[in-house]
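Structure 1 and structure 2, given next as structure tokens, are two forms of the same protein chain, each shown alone.
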Structure 1
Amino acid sequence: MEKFSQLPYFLSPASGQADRIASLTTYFIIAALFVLAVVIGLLIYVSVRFRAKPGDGEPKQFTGNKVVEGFMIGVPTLLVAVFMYLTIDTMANVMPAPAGNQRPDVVITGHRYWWEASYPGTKAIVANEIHLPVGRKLLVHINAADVIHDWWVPQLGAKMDAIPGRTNYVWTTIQKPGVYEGACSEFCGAQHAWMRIKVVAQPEAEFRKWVAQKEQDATTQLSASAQAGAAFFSHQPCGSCHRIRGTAANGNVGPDLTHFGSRKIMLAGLLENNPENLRKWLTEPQHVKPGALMPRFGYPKDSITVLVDYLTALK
């Protein structure tokens, strides 16, 4: 039995918004358990008390009772009224409309099957591992590049659909540094299961440092093998789908690879980022993540080796 107390998500909200939602949920669960207990209690009572016994005649035939019916309608109506108030109040708090021209702190774009984050006002664009600062009320814009996806990091608050042709938003005020996991929550095709999210929340200063680093173009300090990889990369179709800033590669179908070597995960959470996994992926992408939009190219072994060296060097 795993430690349920350690299950994150609802039980340990990490943002002001998730916190509000969690307390509303708690009230609801209490009310729901109460209603359920009343129903089960009554059911057990009548089932035991009024079970037919041999020799019973027809019971007294009655068809209603005004007082009971009044309670039947009154009590649920009252409960509903309370929750309507709490609902509308919490909505206003969690999802107030932003000022028309407010610049978002981060723009998230859902792709099949990975996430892109860009930070307006900076040049930083990253994939899947998304860093955010703590202690500040962040406006997050959410878009989609192809089909509908859904941004959901349970500990950080409301989920929101990423819909092509439309910009949605959520707010989040992250309270403590940490790594928060999430997942795409709207079915988006073959690899919907592996479209997970990792948010790294950091103190403001660390976050700024991270952004500054991500603003850099790709490194040019490469070993001989990595240089061979770079040359190989530039002559193959890779760049039509991937971007490596500072080179001619400028695609946007697949994740940005400018700083690939500094990522902990690859393939939106499917694998840990290490040379061995990368080699597997480059050799047989459709085995590793069937249905992902990267074709198998069938490169020889040594080309893969230099490619791996190149990509891992991109810190």
Structure 2
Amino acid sequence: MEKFSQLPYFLSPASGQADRIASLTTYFIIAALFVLAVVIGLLIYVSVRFRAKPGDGEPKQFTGNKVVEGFMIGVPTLLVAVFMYLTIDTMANVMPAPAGNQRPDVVITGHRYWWEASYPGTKAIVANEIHLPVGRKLLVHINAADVIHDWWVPQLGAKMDAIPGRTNYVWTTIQKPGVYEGACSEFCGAQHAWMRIKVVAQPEAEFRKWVAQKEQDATTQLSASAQAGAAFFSHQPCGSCHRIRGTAANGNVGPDLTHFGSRKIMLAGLLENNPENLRKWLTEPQHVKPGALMPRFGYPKDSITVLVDYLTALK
């Protein structure tokens, strides 16, 4: 079934698991087109061959044709049996049981309305921009902190529900580096449509280097304005929701901000991560992303400025 991975293909599978799903989908499409062609062909043939002519009476009626009955029962039964086998075989290969107590390679947690990724055995925790290595089979644990979400990056394989209090899992073997995008596919609230997913697939060495960098504490080399922002941040309730490793901020309600300045996007893909957008977010969060848990604090402009300088310096 993997032969379709070698062809230009509109589904563009990028993992072994997605390739099997895409191949199965292709077989379904081919079979459906064949049945459609046969039905339309017979309809046209019968309409032309047996069309009524002026003066024709009641046509001769035929019943009990065992050849036709056998064809109409046998062909659908054969198709159902073949596709049942192909579907079960695909499911067994795409979603094999986790190997006992095997430690997952990454744990994905859905929040309203963003994604958190932690890497067991390391200190690395990131939000929304999730990095994964290529070329090896990864066990991904999926769960949720609040309501039901659904993890789905179509090019990487099956989608999976993220359910509070329950851990689900998917396997993925990413075949080539690149950026793969997906979205939450379970309606989870007002900002469901803006709960995007971005997976950055990297060669193993590059991925390990990225993890090592993400394990580091927040930078201490700050400009005077950024230092003022750090002091402001520490005296406000920001740290009760957000964590910045290496500081007293240790909240777990909002995204980990330890390396916030190194991210290319913010708010789960809603905005590019730049000072202007960050200023808008800190000033009117409910205007930018209504329904998100971030409250409006009404800080003065100069406080917003030093906060922006501080957060963008966290790389």
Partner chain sequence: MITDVQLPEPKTPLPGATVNSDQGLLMWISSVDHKQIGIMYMIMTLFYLFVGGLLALLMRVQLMMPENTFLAPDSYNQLFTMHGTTMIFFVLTPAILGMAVYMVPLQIGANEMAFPRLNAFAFWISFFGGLLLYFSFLAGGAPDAGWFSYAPLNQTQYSASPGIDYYCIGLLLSGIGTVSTAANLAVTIITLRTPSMKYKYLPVFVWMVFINAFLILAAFPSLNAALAMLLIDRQLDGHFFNTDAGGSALLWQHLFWLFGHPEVYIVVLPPFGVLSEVFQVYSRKPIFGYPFVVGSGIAISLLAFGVWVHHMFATGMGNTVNSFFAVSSMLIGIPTGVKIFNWLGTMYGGSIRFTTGMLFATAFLVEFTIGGLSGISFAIVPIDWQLTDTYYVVAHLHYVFLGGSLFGLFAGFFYWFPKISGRMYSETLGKWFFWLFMIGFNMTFFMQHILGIIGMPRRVYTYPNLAGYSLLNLISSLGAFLMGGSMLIFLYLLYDAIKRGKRAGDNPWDGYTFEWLTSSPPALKNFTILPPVYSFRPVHDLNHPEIGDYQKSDEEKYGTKDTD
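When a residue number appears, read it as a position in the sequence of structure 1, where counting begins at 1. Here the rigid core means the biggest group of C-alpha atoms that line up within 1.5 Å when the two forms are laid on top of each other. Note that the structure is predicted; figures quoted are calculated from it, not measured.
- Note that the form predicted alone is the one shown as structure 2, not structure 1.
- For the conformational change between structures 1 and 2, the C-alpha atoms of F187 and Q202 are both best fitted by the same rigid part's superposition.
- 10 degrees is the angle through which the smaller rigid part turns against the larger between structures 1 and 2, based on C-alpha superpositions.
- Per-residue C-alpha deviation between structures 1 and 2, core superposed: G41, 4.9 Å.
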